[in-house]
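Shown here is one chain on its own, the form predicted alone, set out as C-alpha coordinates.
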Amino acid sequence: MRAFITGITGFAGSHLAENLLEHNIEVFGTSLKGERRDNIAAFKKDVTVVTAALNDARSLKRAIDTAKPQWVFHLAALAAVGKSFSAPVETMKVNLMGTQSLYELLRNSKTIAKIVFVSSADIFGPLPPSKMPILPDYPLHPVSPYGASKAAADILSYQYFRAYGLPIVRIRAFNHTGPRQATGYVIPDFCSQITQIERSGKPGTIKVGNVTARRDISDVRDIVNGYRLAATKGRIGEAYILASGKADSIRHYLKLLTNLSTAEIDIKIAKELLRPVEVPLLVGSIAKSKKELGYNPKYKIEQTLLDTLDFWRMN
(Lines give C-alpha, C1' and ligand atoms only; values in the text may rest on other atoms or scores of the structure.)
Protein backbone atom coordinates (compact mmCIF):
# COMPACT_ATOMS: atom_id res chain seq x y z
CA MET A 1 0.00 0.00 0.00
CA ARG A 2 1.28 3.46 -0.95
CA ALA A 3 0.05 6.68 0.62
CA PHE A 4 0.55 10.25 -0.57
CA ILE A 5 0.29 13.16 1.87
CA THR A 6 0.03 16.77 0.73
CA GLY A 7 1.83 18.82 3.37
CA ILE A 8 3.79 15.90 4.82
CA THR A 9 6.33 18.17 6.52
CA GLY A 10 3.62 20.06 8.41
CA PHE A 11 2.38 19.43 11.93
CA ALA A 12 -0.40 16.91 11.24
CA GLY A 13 1.24 15.64 8.05
CA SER A 14 4.35 14.50 9.89
CA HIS A 15 2.32 12.71 12.56
CA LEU A 16 0.22 11.02 9.86
CA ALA A 17 3.38 9.86 8.10
CA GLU A 18 4.60 8.28 11.34
CA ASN A 19 1.26 6.57 11.89
CA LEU A 20 1.23 5.13 8.37
CA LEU A 21 4.83 3.91 8.65
CA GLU A 22 3.92 2.11 11.87
CA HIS A 23 1.27 0.26 9.86
CA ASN A 24 3.77 -0.78 7.16
CA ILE A 25 2.46 1.65 4.54
CA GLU A 26 4.88 3.21 2.06
CA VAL A 27 4.72 6.99 2.42
CA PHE A 28 5.22 9.79 -0.10
CA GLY A 29 4.42 13.45 0.32
CA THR A 30 4.83 17.05 -0.75
CA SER A 31 6.75 19.93 0.75
CA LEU A 32 6.97 23.53 -0.40
CA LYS A 33 10.23 24.82 -1.85
CA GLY A 34 12.48 25.98 0.97
CA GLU A 35 10.17 24.59 3.65
CA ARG A 36 11.90 23.25 6.75
CA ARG A 37 11.70 19.52 7.30
CA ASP A 38 12.41 19.37 11.02
CA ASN A 39 9.10 17.61 11.68
CA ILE A 40 10.13 14.54 9.70
CA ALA A 41 13.82 14.56 10.66
CA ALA A 42 13.51 11.44 12.83
CA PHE A 43 12.18 9.31 9.95
CA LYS A 44 13.16 11.21 6.80
CA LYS A 45 14.95 8.17 5.38
CA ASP A 46 11.70 6.21 5.53
CA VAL A 47 9.59 8.60 3.43
CA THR A 48 9.87 10.10 -0.05
CA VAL A 49 9.30 13.86 -0.17
CA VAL A 50 8.86 15.80 -3.41
CA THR A 51 8.91 19.58 -3.64
CA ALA A 52 5.50 20.62 -4.99
CA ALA A 53 2.85 23.30 -4.49
CA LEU A 54 -0.91 22.98 -4.88
CA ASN A 55 -0.95 25.90 -7.33
CA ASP A 56 1.79 24.39 -9.49
CA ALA A 57 0.15 21.64 -11.55
CA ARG A 58 3.44 20.51 -13.12
CA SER A 59 5.25 19.89 -9.83
CA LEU A 60 2.14 18.34 -8.29
CA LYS A 61 1.67 15.96 -11.24
CA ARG A 62 5.32 14.95 -11.02
CA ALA A 63 4.92 14.15 -7.32
CA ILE A 64 1.78 12.04 -7.87
CA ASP A 65 3.28 10.23 -10.87
CA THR A 66 6.32 9.37 -8.77
CA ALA A 67 4.25 7.99 -5.91
CA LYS A 68 1.52 6.14 -7.82
CA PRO A 69 -0.44 5.96 -4.54
CA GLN A 70 -3.57 4.05 -3.59
CA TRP A 71 -4.38 6.51 -0.80
CA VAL A 72 -4.19 10.30 -0.93
CA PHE A 73 -4.45 12.41 2.22
CA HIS A 74 -5.02 16.08 1.42
CA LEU A 75 -3.74 18.08 4.40
CA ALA A 76 -1.85 20.97 2.78
CA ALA A 77 -3.58 24.30 3.50
CA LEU A 78 -3.27 27.74 5.00
CA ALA A 79 -4.70 26.66 8.33
CA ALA A 80 -4.39 29.53 10.82
CA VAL A 81 -7.89 30.88 11.49
CA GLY A 82 -6.70 34.15 13.02
CA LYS A 83 -4.26 34.94 10.22
CA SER A 84 -6.87 34.21 7.55
CA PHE A 85 -8.69 37.46 8.40
CA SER A 86 -5.72 39.45 7.09
CA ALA A 87 -5.17 37.18 4.05
CA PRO A 88 -8.64 36.08 2.86
CA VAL A 89 -7.82 35.97 -0.86
CA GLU A 90 -4.66 33.92 -0.48
CA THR A 91 -6.45 31.60 1.96
CA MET A 92 -9.19 30.92 -0.59
CA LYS A 93 -6.71 30.43 -3.45
CA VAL A 94 -4.68 27.83 -1.60
CA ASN A 95 -7.46 26.01 0.24
CA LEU A 96 -10.10 25.94 -2.51
CA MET A 97 -8.33 26.31 -5.84
CA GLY A 98 -5.40 24.23 -4.64
CA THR A 99 -7.82 21.44 -3.75
CA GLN A 100 -9.42 21.62 -7.19
CA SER A 101 -6.01 21.47 -8.87
CA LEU A 102 -5.24 18.30 -6.94
CA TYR A 103 -8.56 16.70 -7.86
CA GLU A 104 -8.10 17.52 -11.54
CA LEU A 105 -4.84 15.59 -11.52
CA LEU A 106 -6.32 12.68 -9.58
CA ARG A 107 -9.23 12.36 -12.04
CA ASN A 108 -6.86 10.64 -14.45
CA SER A 109 -5.21 8.36 -11.91
CA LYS A 110 -5.58 4.60 -12.34
CA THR A 111 -4.35 3.68 -8.86
CA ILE A 112 -6.41 5.77 -6.40
CA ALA A 113 -8.61 3.75 -4.04
CA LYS A 114 -9.37 6.47 -1.47
CA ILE A 115 -8.87 10.23 -1.08
CA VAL A 116 -9.17 11.64 2.43
CA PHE A 117 -9.97 15.36 2.37
CA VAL A 118 -9.29 17.06 5.69
CA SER A 119 -11.80 19.78 6.46
CA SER A 120 -12.35 21.66 9.72
CA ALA A 121 -14.85 22.31 12.50
CA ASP A 122 -14.63 25.97 11.49
CA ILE A 123 -16.94 25.24 8.55
CA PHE A 124 -19.93 25.00 10.90
CA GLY A 125 -19.67 28.49 12.38
CA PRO A 126 -21.41 29.57 15.61
CA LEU A 127 -24.22 27.35 16.86
CA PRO A 128 -26.30 27.54 20.05
CA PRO A 129 -25.54 25.10 22.90
CA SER A 130 -28.81 23.30 22.08
CA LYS A 131 -27.22 22.19 18.78
CA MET A 132 -24.22 20.61 20.48
CA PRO A 133 -22.56 18.29 19.88
CA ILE A 134 -22.22 19.04 16.18
CA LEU A 135 -23.21 16.22 13.84
CA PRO A 136 -21.48 15.57 10.50
CA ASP A 137 -24.55 16.51 8.44
CA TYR A 138 -25.12 19.95 10.00
CA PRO A 139 -25.35 22.88 7.54
CA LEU A 140 -22.22 24.94 6.95
CA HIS A 141 -22.16 28.56 8.18
CA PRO A 142 -18.49 29.60 8.42
CA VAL A 143 -17.63 33.07 9.75
CA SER A 144 -13.85 33.16 9.16
CA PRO A 145 -12.05 33.29 5.79
CA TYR A 146 -10.37 30.02 6.71
CA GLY A 147 -13.72 28.40 7.55
CA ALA A 148 -15.24 29.68 4.30
CA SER A 149 -12.34 28.31 2.25
CA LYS A 150 -12.60 24.91 3.90
CA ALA A 151 -16.39 24.82 3.56
CA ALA A 152 -16.04 25.60 -0.16
CA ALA A 153 -13.41 22.88 -0.59
CA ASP A 154 -15.58 20.45 1.39
CA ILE A 155 -18.51 21.09 -0.97
CA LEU A 156 -16.15 20.80 -3.95
CA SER A 157 -15.01 17.42 -2.64
CA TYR A 158 -18.58 16.15 -2.58
CA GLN A 159 -19.15 17.51 -6.09
CA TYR A 160 -16.07 15.72 -7.45
CA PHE A 161 -17.32 12.51 -5.84
CA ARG A 162 -20.77 12.85 -7.41
CA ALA A 163 -19.78 14.21 -10.82
CA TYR A 164 -16.50 12.45 -11.48
CA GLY A 165 -16.57 9.45 -9.17
CA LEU A 166 -13.49 10.41 -7.18
CA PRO A 167 -13.39 8.16 -4.07
CA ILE A 168 -13.36 11.02 -1.57
CA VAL A 169 -14.06 10.77 2.15
CA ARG A 170 -14.43 14.08 3.98
CA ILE A 171 -13.11 14.56 7.51
CA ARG A 172 -14.35 17.48 9.62
CA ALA A 173 -11.46 17.61 12.10
CA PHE A 174 -11.96 19.64 15.27
CA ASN A 175 -9.11 21.44 17.05
CA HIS A 176 -6.07 19.28 17.70
CA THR A 177 -2.66 19.94 19.16
CA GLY A 178 0.52 18.17 20.22
CA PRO A 179 4.28 18.16 19.76
CA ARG A 180 5.56 19.95 16.60
CA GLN A 181 2.65 22.35 16.25
CA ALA A 182 3.99 25.80 15.42
CA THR A 183 3.01 29.08 17.02
CA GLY A 184 -0.01 30.80 15.57
CA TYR A 185 -2.29 28.31 17.32
CA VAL A 186 -3.53 28.65 20.88
CA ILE A 187 -1.80 25.76 22.69
CA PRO A 188 1.70 26.17 21.18
CA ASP A 189 1.39 29.93 21.67
CA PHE A 190 0.83 29.30 25.38
CA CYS A 191 3.62 26.70 25.54
CA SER A 192 6.08 28.98 23.76
CA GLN A 193 5.42 31.82 26.19
CA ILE A 194 5.60 29.57 29.27
CA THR A 195 8.93 28.18 28.07
CA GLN A 196 10.35 31.69 27.57
CA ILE A 197 9.29 32.67 31.10
CA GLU A 198 10.82 29.49 32.54
CA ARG A 199 14.12 30.13 30.78
CA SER A 200 14.25 33.74 31.99
CA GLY A 201 14.14 32.62 35.60
CA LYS A 202 11.90 35.58 36.36
CA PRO A 203 8.13 36.14 36.72
CA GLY A 204 6.44 36.74 33.37
CA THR A 205 3.19 37.49 31.58
CA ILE A 206 1.36 35.44 28.95
CA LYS A 207 -0.58 37.39 26.34
CA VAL A 208 -3.87 35.77 25.40
CA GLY A 209 -6.92 36.42 23.22
CA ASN A 210 -10.46 35.32 24.06
CA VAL A 211 -10.13 32.74 26.83
CA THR A 212 -13.88 32.28 27.33
CA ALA A 213 -14.36 30.42 24.03
CA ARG A 214 -14.92 26.71 24.58
CA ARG A 215 -13.15 24.28 22.30
CA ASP A 216 -13.08 20.54 21.67
CA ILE A 217 -9.32 19.87 21.55
CA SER A 218 -7.86 16.48 20.67
CA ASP A 219 -4.38 15.01 20.47
CA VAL A 220 -2.97 15.12 16.94
CA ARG A 221 -1.92 11.48 17.28
CA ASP A 222 -5.55 10.46 17.77
CA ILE A 223 -6.70 12.63 14.88
CA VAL A 224 -4.21 11.26 12.33
CA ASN A 225 -5.09 7.73 13.37
CA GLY A 226 -8.63 8.72 12.42
CA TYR A 227 -7.37 9.79 8.99
CA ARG A 228 -5.89 6.33 8.45
CA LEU A 229 -9.10 4.68 9.62
CA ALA A 230 -11.04 6.88 7.18
CA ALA A 231 -8.88 5.59 4.32
CA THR A 232 -9.36 2.02 5.53
CA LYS A 233 -13.05 1.98 6.47
CA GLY A 234 -14.61 5.32 5.48
CA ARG A 235 -17.55 5.21 3.07
CA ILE A 236 -16.88 7.13 -0.14
CA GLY A 237 -18.90 10.34 -0.34
CA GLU A 238 -19.49 10.46 3.43
CA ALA A 239 -18.37 13.05 5.98
CA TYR A 240 -17.02 12.16 9.42
CA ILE A 241 -16.17 14.21 12.50
CA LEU A 242 -12.94 13.58 14.39
CA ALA A 243 -12.88 15.19 17.83
CA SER A 244 -12.77 14.34 21.52
CA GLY A 245 -16.51 14.79 22.04
CA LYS A 246 -16.15 17.28 24.90
CA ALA A 247 -15.21 20.96 25.22
CA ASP A 248 -13.58 23.19 27.81
CA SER A 249 -12.76 26.88 27.88
CA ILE A 250 -9.43 28.16 26.61
CA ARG A 251 -8.95 29.48 30.15
CA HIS A 252 -9.20 25.90 31.43
CA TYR A 253 -6.52 24.63 29.02
CA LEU A 254 -4.29 27.57 29.97
CA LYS A 255 -4.69 26.79 33.67
CA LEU A 256 -3.74 23.15 33.07
CA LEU A 257 -0.59 24.33 31.30
CA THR A 258 0.44 26.91 33.89
CA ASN A 259 -0.08 24.28 36.61
CA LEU A 260 2.61 22.21 34.85
CA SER A 261 5.12 25.00 35.43
CA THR A 262 6.74 26.28 38.62
CA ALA A 263 7.28 29.72 37.06
CA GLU A 264 5.37 32.76 38.32
CA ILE A 265 3.00 33.59 35.47
CA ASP A 266 0.45 36.36 34.99
CA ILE A 267 -2.20 36.49 32.25
CA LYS A 268 -2.94 39.55 30.10
CA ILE A 269 -5.65 39.96 27.46
CA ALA A 270 -4.08 41.39 24.28
CA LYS A 271 -6.46 43.22 21.95
CA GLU A 272 -4.41 42.29 18.87
CA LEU A 273 -5.11 38.62 19.60
CA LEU A 274 -8.88 39.03 19.58
CA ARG A 275 -10.62 37.94 16.35
CA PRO A 276 -13.20 40.05 14.49
CA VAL A 277 -15.68 37.17 14.81
CA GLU A 278 -15.47 34.43 17.43
CA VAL A 279 -17.26 31.09 17.66
CA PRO A 280 -18.11 30.75 21.38
CA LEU A 281 -18.51 26.95 21.50
CA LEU A 282 -17.41 24.03 19.37
CA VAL A 283 -17.85 20.39 20.33
CA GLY A 284 -18.23 17.50 17.92
CA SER A 285 -20.12 14.22 17.97
CA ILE A 286 -17.89 11.25 17.16
CA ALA A 287 -20.68 8.67 17.32
CA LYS A 288 -20.62 8.05 13.56
CA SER A 289 -16.82 7.84 13.48
CA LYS A 290 -16.80 5.38 16.36
CA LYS A 291 -19.43 3.18 14.72
CA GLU A 292 -18.18 3.21 11.13
CA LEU A 293 -14.44 3.85 11.45
CA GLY A 294 -13.71 2.32 14.83
CA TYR A 295 -12.38 5.68 15.97
CA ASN A 296 -11.55 5.65 19.68
CA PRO A 297 -9.36 8.49 21.03
CA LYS A 298 -6.88 7.31 23.65
CA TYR A 299 -4.93 10.41 24.67
CA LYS A 300 -6.14 12.45 27.66
CA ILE A 301 -5.81 16.22 27.29
CA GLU A 302 -3.50 16.42 30.31
CA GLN A 303 -0.99 14.13 28.58
CA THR A 304 -1.31 16.04 25.31
CA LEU A 305 -0.60 19.36 27.01
CA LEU A 306 2.38 17.96 28.93
CA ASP A 307 3.87 16.42 25.77
CA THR A 308 3.39 19.70 23.89
CA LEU A 309 4.94 21.80 26.65
CA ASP A 310 7.89 19.41 26.92
CA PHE A 311 8.39 19.65 23.15
CA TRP A 312 8.72 23.43 23.48
CA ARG A 313 11.07 23.08 26.43
CA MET A 314 13.36 20.90 24.31
CA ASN A 315 13.05 23.04 21.16
Ligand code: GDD
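In this text, all values refer to a predicted model and were calculated from it rather than measured experimentally. Numbers follow the displayed sequence, beginning with 1.
Another form exists, predicted in complex with this ligand; not displayed. Remarks below refer to it.
Engineer: Can we say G184, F190 and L273 each have a non-hydrogen atom within 4.5 Å of this ligand in the model of the complex?
Structural biologist: Yes, the whole trio is in contact, each within 4.5 Å by some heavy atom.
Engineer: Is there a heavy atom of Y146 no more than 4.5 Å from a heavy atom of this ligand in the model of the complex?
Structural biologist: Looking in the model of the complex, residue contacts with this ligand include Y146, since a heavy atom lies within 4.5 Å.
Engineer: Quick one: does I250 come within 4.5 Å of this ligand in the model of the complex, counting heavy atoms only?
Structural biologist: Heavy-atom contact with this ligand at 4.5 Å: present for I250.
Engineer: Decide whether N210 counts as a contact residue for this ligand in the model of the complex under a heavy atom distance cut-off of 4.5 Å.
Structural biologist: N210: contacts this ligand in the model of the complex.
Engineer: Heavy atoms within 4.5 Å of this ligand in the model of the complex: does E278 have any?
Structural biologist: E278 belongs to the contact set for this ligand.
Engineer: Please tell me which of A173, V220, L229, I197 lies within 4.5 Å of this ligand in the model of the complex, judged by heavy atoms.
Structural biologist: Looking at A173, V220, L229, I197 one by one, just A173 meets the 4.5 Å heavy-atom criterion.
Engineer: Heavy atom within 4.5 Å of this ligand in the model of the complex: which of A79, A239, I134, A151 fits that? Just give me the one.
Structural biologist: Among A79, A239, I134, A151, a heavy atom within 4.5 Å of this ligand in the model of the complex occurs only for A79.
Engineer: If contact means any heavy atom within 4.5 Å, which of 278-286, 33-41, 52-60, 66-74 contacts this ligand in the model of the complex?
Structural biologist: Heavy-atom contact with the partner occurs in 278-286.
Engineer: Though the partner is not shown here, which residues of 112-131 have a heavy atom within 4.5 Å of this ligand in the model of the complex?
Structural biologist: Heavy-atom contacts to this ligand in the model of the complex: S120, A121, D122.
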